[in-house]
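Next up is one chain by itself, shown in structure tokens, the form predicted alone.
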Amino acid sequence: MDAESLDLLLGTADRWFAAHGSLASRLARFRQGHREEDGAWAAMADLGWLALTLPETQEGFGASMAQALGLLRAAGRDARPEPLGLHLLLAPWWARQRPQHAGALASAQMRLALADLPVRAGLRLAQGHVQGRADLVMGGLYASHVLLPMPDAEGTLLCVDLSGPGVQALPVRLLDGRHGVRLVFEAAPAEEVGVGAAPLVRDLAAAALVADAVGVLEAGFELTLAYLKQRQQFGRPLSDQQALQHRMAEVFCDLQQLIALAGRLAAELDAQPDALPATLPAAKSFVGRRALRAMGQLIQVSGGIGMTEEYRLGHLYKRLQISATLFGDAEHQLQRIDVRRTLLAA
């Protein structure tokens, strides 16, 4: 995909997000939470977004991860409820494992969800059937299949058809208002995708959250900057206060560092799509620490309005909390960083 096509794609995305269940319209009915509109996923398939990262040999557009992360950044800016990031990161990997499913992924006939299972999850696999439950399932509300990274040392990954027997879906709502499901398995048929695949799939989902966090923090920064320029105190805009300028400058630096980390992460995924991205632990822990702290700074300089339900900033903060927590929080990711290897690589 060339630069002109990417610009057209991002322009279309901004207009589509504004016209179909925008964040502003969802906040107007915030008690209902953030739920994707009927037909939204099919519309994304018609726009070609679901085939964006699939290779051209499989009827995709062959976009790089750097280009895909640009779309995810735009989706994060509008806090989209659709699990677009999970799809764009997992679809090319899944198409390499199951080439016959590429067309179904691109046409929205097949949707993948991914469970975030703790180390002590009670899932058990016996004779091709799984027993137990998954409390946190990303993209599970309308998914046709769920991937289960088993908490074992081998990194076993299972795939369960959610329309099959032995699967019960219970509705849940996340902290940021997005709707999801808790899955309960009673001897549900499960297909073993591959041993050792679970860590990579979890890192791909975490990479999608990093890209989303870039858009979320960027939207929060721009919203707060506009507020400080417009809000008057003693006849002068708040943005004239030097203390506030310093705090906004710190947030801007955090945002730029997050953008740089996401760019490096995308480059690694493009170079070695089946390898664990070395930058992922640093980028994901950055979301859980610096980006989250930066968003907290934006709420503080905005005052009480920052936490009202009708204002976007509080919702962006809650979404960032979800991105920081799922698929490895900051402490977990920091423990993965090999300081010696990182310093030598630099």
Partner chain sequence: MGLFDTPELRAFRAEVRAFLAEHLDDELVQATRAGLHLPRETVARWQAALGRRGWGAPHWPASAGGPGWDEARRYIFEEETAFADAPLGDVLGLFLAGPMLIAEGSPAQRARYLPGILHGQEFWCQGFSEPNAGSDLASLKTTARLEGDEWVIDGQKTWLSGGHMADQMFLLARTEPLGRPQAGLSMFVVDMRLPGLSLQPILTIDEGHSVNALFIDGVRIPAANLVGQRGQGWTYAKDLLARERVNNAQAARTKRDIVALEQLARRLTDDAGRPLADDPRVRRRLASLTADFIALESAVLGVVAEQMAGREPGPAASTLKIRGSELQQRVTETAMGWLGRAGLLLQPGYGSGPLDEAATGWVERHLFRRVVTIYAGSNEIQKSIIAKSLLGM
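Residue numbers count along the first chain shown, from 1. As the structure is a computational prediction, the values presented were derived from the model and not from experiment.
Absent from the display: the form predicted in complex with the partner chain. The rest refers to it.
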Original post:
Using a 4.5 Å heavy atom cut-off, which stretch among 303-311, 45-53, 275-283, 66-74 contacts the partner chain in the predicted bound form?
Top reply: 303-311
Original post:
Candidate spot Leu174, Arg231 and Glu331, all three in 4.5 Å heavy atom range of the partner chain in the predicted bound form?
Top reply: yes
Subject >> Partner-contacting position among Gly164, Pro118, Gly194, Gly128 - heavy atom within 4.5 Å of the partner chain in the predicted bound form >> reply: Pro118
Original post:
Any of the heavy atoms of Ser22 lying within 4.5 Å of the partner chain in the predicted bound form?
Top reply: no
Original post:
Can you check whether Gln58 is within 4.5 Å of the partner chain in the predicted bound form, heavy atom basis?
Top reply: no
Original post:
Asp135: heavy atom within 4.5 Å of the partner chain in the predicted bound form?
Top reply: yes
Subject >> Contact test in the predicted bound form: Ile299 vs the partner chain, heavy atoms, 4.5 Å >> reply: yes
Subject >> Neighbours of the partner chain in the predicted bound form among 25-55 [non-hydrogen atom within 4.5 angstroms] >> reply: Phe30, Arg31
